[in-house]
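This document opens with one chain alone, in structure tokens, the form predicted on its own.
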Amino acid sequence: MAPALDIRVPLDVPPEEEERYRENYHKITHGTGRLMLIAGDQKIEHLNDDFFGEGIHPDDANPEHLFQIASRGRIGVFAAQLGLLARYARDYPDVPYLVKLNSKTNLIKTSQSDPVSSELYHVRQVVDLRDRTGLSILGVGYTVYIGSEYEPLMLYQASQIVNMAHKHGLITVLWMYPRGAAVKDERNSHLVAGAAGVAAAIGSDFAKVNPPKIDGVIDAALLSEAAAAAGRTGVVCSGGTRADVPEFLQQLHDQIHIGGMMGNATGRNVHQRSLDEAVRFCNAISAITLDDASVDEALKVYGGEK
């Protein structure tokens, strides 16, 4: 099993919200301190590129596919924009949700303009939906493009979001991506560690990063610098483009046990599959993340074995 959870409540959580914060942190990590996040924010981020086309199961064309996976698979939290929750969450009230507060499309390339992604919603709107509906909204997320000329705007918004979310007992996850004309190699391990450290300085509970590469190859050992730089902020890696199942699970296992990562944030590798396969893959990922299962044990879960 993963190590027992010792929840350190940040000082920006008011006394009357400390118990909610603890409960949300426990739920979002299944009491392990590790995060298993299913990313459903790509409907804006990548438009329909990730949801329709060659190699993508037809189930993925419908946005409800995301909610079906989240409701049937063993996950920590499902991240999506507030509008998707407003449309679908009534039918999936038991899913643990994280609201992604900003997003941008991929149409404007970094070569054309430095990236900027401003708030679509405010924390108070998320809290209002949570309190009115009783949905299990456990946290909020936001992307910061470190190195963009618009970095000051995103850093300000991220800081305010973390502070306000904690005031309402919510967990925060910051997507921390070095990107822009000033960034020569966004997968450089030293730069990725710096981005994770920024998330810690802002006070986020988790930082989501792209795993660093050397000569184009992901090396889990390179993540140890990011884990150290983040301190008490848990670092999780994005899942990236769809990969071979054994390769993905081995990479995840190495990221946790060699790189010191505190979980994962997986999108395309899950939702581009049929509902049945996506649920089994979710459960295999959770076996490694939450149960400290070996890759072989996780593959048995993926194959449907008990």
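In case it trips you up, residue 1 is the first one in the sequence shown, and so on. Note that the structure is a prediction, hence the values are computed from the model and not measured.
What comes next is about the form predicted together with another copy of the chain, which does not appear here.
Taking non-hydrogen atoms only, Gln81 approaches another copy of the chain to within 4.5 angstroms in the predicted bound form.
The shortest heavy atom separation between Ile75 and another copy of the chain in the predicted bound form exceeds 4.5 Å. In the predicted bound form, Val217 stays away from another copy of the chain, with no heavy atom inside 4.5 Å. The closest heavy atom approach of Ile258 to another copy of the chain in the predicted bound form falls outside 4.5 Å. The stretch that touches another copy of the chain in the predicted bound form, counting heavy atoms within 4.5 Å, is 41 to 49, out of 262 to 270, 277 to 285, 27 to 35, 41 to 49.
Scanning 6 to 32 for heavy atoms within 4.5 Å of another copy of the chain in the predicted bound form gives Arg8, Val9, Pro10, Leu11, Asp12, Val13, Pro14, Pro15, Glu18, Tyr21 in sequence order.
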